[in-house]
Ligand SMILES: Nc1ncnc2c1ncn2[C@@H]1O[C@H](COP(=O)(O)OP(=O)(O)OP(=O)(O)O)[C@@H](O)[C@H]1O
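There is one chain below, alone, in structure tokens, taken in the form predicted on its own.
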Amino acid sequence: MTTDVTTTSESVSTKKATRDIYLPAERKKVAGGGAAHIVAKDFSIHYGEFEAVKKVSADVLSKYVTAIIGPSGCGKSTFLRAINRMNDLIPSCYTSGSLLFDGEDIYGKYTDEVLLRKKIGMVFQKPNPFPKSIFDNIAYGPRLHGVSDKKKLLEIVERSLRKAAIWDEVCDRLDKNALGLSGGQQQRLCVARTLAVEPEVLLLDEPTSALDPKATAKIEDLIQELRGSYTIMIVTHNMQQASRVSDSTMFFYEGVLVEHASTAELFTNPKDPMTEDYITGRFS
């Protein structure tokens, strides 16, 4: 499925236009990054008889940001949710092939789903703070995992809110209801809530689709701050966003992983004509 793109003058000009639009500034290499953190091997996801994700094989590198792009209904979010077994909540869903995290089978018989979701945190499309205080939102996970000391919890809350770049905005109202925050603040609070249990992987499912441009920029800045400390995977419909924040990009179409390459390579020199058609807007 990976035939070479043409090198006609039209294609060359198209690539130049794509390069001008999408290429971000050169990023620093991540110290200690690069090892495969999540590995899919012929991994498929089924809803009953429907195969939503089809025999995906890919390595997700440690401490890098990986974007997942593709049209609606192509399997992006389904694949992302499979990584911390959120799809288990759907009775008809089952998987085949293998999906490994640090060499261990995510769908293995003895996998502890609670521990897995502690290590692999997820932030959803719509901010979903608990109807509790800001403090209790962040302290919820640590308390669930046995932390009860008030001083320790306060340290965790402050550290998590600082990592999520929202501490300065909420430090004087930790006892206020989190539902009173703006949409962008709620989303960063949800990131902080995830960071509070010290995950290794962050899964972001279209985290800015419900936000205005200013709040979106803050989330993108946050992703850049966190890269190098966490393995981050982000599903997005926004190709400019994928190019700005990610190191590598996966392109899905109809459940198939069509292409997976460094972001710069995929956007400027795609190997598959279908990828080129998508990123240049010839189909959506």
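Only a predicted model underlies this, so the values are computations on that prediction, with no experimental measurement involved. Position 1 is the first residue in the sequence shown; the rest follow in order.
The following text describes the form predicted together with the ligand, which does not appear among the structures shown.
At least one heavy atom of Cys74 is located within 4.5 Å of the ligand in the predicted bound form.
For Ile90, a non-hydrogen atom is located within 4.5 Å of the ligand in the predicted bound form, even though that partner is not displayed. Remark: Asn84 does not count among the residues lining the ligand in the predicted bound form, judged by a heavy atom distance of 4.5 Å or less. Contact check for Ser182: no non-hydrogen atom falls within 4.5 Å of the ligand in the predicted bound form. Contact with the ligand in the predicted bound form holds for all three of Tyr47, Gln125 and His237, each having a heavy atom within 4.5 Å. Note on the partner interface in the predicted bound form: the residue among Ile219, Leu257, Ile232, Ala52 having a heavy atom within 4.5 angstroms of the ligand is Ala52. The partner is not drawn, yet in the predicted bound form one stretch among 65 to 73, 238 to 246, 36 to 44, 211 to 219 has residues with heavy atoms inside 4.5 Å of the ligand: 65 to 73. For the partner-free chain shown, nothing in 181 to 200 comes within 4.5 angstroms of the ligand in the predicted bound form, judged by any non-hydrogen atom.
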